[in-house]
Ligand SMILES: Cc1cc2nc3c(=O)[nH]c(=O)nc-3n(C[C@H](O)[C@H](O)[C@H](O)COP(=O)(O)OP(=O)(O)OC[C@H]3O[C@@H](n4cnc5c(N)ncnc54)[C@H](O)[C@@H]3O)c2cc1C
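Form predicted alone, single chain, as structure tokens, below.
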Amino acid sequence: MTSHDVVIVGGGHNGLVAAAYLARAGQRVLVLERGTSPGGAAVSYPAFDGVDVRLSRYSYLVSLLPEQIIDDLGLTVRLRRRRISSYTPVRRGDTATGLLVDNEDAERTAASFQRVTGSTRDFAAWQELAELTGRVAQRVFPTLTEPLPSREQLREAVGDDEAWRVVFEQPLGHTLQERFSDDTVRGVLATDGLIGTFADLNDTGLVQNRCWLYHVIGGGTGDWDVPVGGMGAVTGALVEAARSAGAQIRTEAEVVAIDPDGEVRYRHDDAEHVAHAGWVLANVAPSVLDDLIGEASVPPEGAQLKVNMVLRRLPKLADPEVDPRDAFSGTLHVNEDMAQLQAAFEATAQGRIPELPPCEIYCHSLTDDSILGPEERRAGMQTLTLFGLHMPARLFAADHEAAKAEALRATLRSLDSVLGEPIEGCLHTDAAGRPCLEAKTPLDLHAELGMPGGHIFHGDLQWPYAHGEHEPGSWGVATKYPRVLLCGAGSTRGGGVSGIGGHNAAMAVLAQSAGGQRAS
């Protein structure tokens, strides 16, 4: 039996951020992580035997991690911007072409829009929408590490009625229909509202808009950057920051029960232990917290298929105008026209795996080859990270392995449909001669990471303003138990690799410790 100021349940990146802030402030902090190492979904892993490549196995890009947290904690985290935003292979009649968005060459991008859409009208609309979301990003992102504004205060901060309507009030599908004429262009933009989110683009509940918001405001720019060294480098920096400040991090420590009065029971070294604390910070999904407290819970449902690959070389493209290194260094969109996205949503909602599932891909090693071993680098090997949309957990419930195999076959078939050669012929092999390819369904994430339903955000993303039990001026981390706070992706402004949930929970504790506002 031990006593601490704060016990943090879950050693994912948000828990580590909270631990570092609180330990630096003099709090006695214990982090309990059920896995063999901290990091949660933000880890690197040598997934294939005999292949010296450290893949970002689960989460893979960084957008929402504020510079403020990096600076406050002295993190040695380096992020690289991708010059190519995206490439979307398409066919126009018998011609293989593609939409290339180059962040540093507007003329090149405009010419690509001309080839694909037949005019530059949609490119002008693209620029207008980018300017609109850019204004929102500049004004909303800084508020994520401040006490919650009210809805009215956030609207005033945005200061733009049209931007507020487009982002916060009108379904994303309606916006794309009214602003763009080409369905490929609509689809490229729509995917930011569907990452890890199973939704109709025209849903009036606007869950897709909430997802879109968080995908376009990161860093105040909306850029999605590559973590140098992979996600494991981010976790490693956070572990160092927390431990050097005095936090204890105990791995292979599975929490089995939480008493709202501050008692945490966990198993470690084949024995049950008890930790007492003034505060319990839950870096787990809200439904997992309910289970640990003994309350009824309704788990969320994740909706993605993650596929990791190591290639001998990049595949050829059907489009002769684009270098594969450009196409794969940004996000390569596969069968993600808006109509294709909607058809896939309808099929999977009915329990069917689509014939050509929509997905998107990028190659980490083109931007950062430090994740490759020396021999792999010399041989010109590359990594591919594939994220499949609209793959809800329900598809895999009856027979997980059979459905997983079918979903993977369909997804690779979808990828092959836009390439100049089958991806299978480009795969490297491991020490046993097996293709370097692994797939993770929502049920895999549930089993391996404790994410209920495999939901990568621990539940639907929420608007970044006060609502429900969270009052203006609070930190958006409260539960109905005064000494138990959320500090992970399930907090009001959690989700993604951001550290924001951990930062805000730490600020709530420190505010209360200083005799300030209620910790909530």
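Numbering starts at 1 and runs along the sequence shown. What you see is a predicted model; the values in this text were computed from it and never measured.
FYI, the form predicted together with the named molecule isn't displayed, but the following is about it.
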> Does the named molecule come within 4.5 Å of a heavy atom in each of D183, D337 and L356 in the model of the complex?
Replying inline: no
> Just one stretch in 71 to 79, 98 to 106, 253 to 261, 128 to 136 has heavy atoms within 4.5 Å of the named molecule in the model of the complex, so which one is it?
Replying inline: 253 to 261
> Of the residues L154, A275, A410, L449, which one places a heavy atom within 4.5 Å of the named molecule in the model of the complex?
Replying inline: L449
>> Going by heavy atom distances of 4.5 angstroms or less, which of F168, F113, F396, W224 would be at the interface with the named molecule in the model of the complex?
In response: W224
> Does any heavy atom of K306 come within 4.5 Å of a heavy atom of the named molecule in the model of the complex?
Replying inline: yes
>> My question is simply whether V284 lines the interface with the named molecule in the model of the complex - judged by any non-hydrogen atom within 4.5 Å.
In response: yes
> Is A478 close enough to touch the named molecule in the model of the complex, meaning at least one heavy atom pair within 4.5 Å?
Replying inline: no
> At the 4.5 Å heavy atom threshold, is L61 in contact with the named molecule in the model of the complex?
Replying inline: yes
> Since the partner is left out here, which residues of 9 to 34 would have a heavy atom within 4.5 Å of the named molecule in the model of the complex?
Replying inline: V9, G10, G11, G12, H13, N14, G15, L32, E33, R34
